[in-house]
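In structure tokens, one chain follows: the form predicted alone.
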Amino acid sequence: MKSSNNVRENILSTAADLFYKQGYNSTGINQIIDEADIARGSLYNHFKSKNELFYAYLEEINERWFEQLYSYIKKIKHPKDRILGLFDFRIKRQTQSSFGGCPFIKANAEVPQDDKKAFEIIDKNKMKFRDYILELLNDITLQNDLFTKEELADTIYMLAEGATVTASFQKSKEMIGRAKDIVDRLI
């Protein structure tokens, strides 16, 4: 018999896989229940609604994404290479997911405009990434005064995000690599 935590993890893992691969709107509660191989009551013992399950999914992938990012970047010694490593991390993740795209951008495209909680979670992820870029930039002496560090963090953030979206529909890492080359010249 599965423990309550294991059942919750199973539900969340199943939902995460389905939400990422086929989208929130195309994933039904019955499909989650069937694929998680649980009773309907088990799902509702852990999540009051599909929305609550979706928020838990977004929070979980946010936490996991940053754990993986920090682990990847901390292995890189040189401060400039850490910034460039952000793009290598994106290439790795996109390649592993067959260029499935960013789960937060995908979620953003599907949630109703009045779903403030979903947008808050998505925004928290994106701004935390932008703030991390700024944190990494603080270890670098800039070669020019073309940008402030805040402006450069915004620029790098937008290049990374735009390149990731482009990679998802081109099914190629090329634009992420180009964005990395641009950032290399900027810093």
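Start at 1 with the first residue shown and count on from there. Owing to the predicted nature of the structure, the values given are computational and were not obtained by experimental measurement.
What comes next is about the form predicted in complex with another copy of the chain, which does not appear here.
Another copy of the chain is not drawn, but in the predicted bound form it has a heavy atom within 4.5 Å of M158. Interface residue remark: I140 is not counted as part of the site for another copy of the chain in the predicted bound form, having no heavy atom within 4.5 Å. The shortest heavy atom separation between T95 and another copy of the chain in the predicted bound form exceeds 4.5 Å. For the chain shown alone, L69 is not a contact residue for another copy of the chain in the predicted bound form, no non-hydrogen atom being within 4.5 angstroms.
Taking a 4.5 Å heavy atom cutoff to another copy of the chain in the predicted bound form, the contact residue among K126, H46, K149, K50 is K126. Heavy atoms of no residue among L12, I38 and Y55 are located within 4.5 Å of another copy of the chain in the predicted bound form.
Contact residues in stretch 152 to 174 (any heavy atom within 4.5 Å of another copy of the chain, taken in the predicted bound form) are D154, T155, Y157, M158, L159, E161, G162, A163, V165, T166, S168, F169, Q170, K171.
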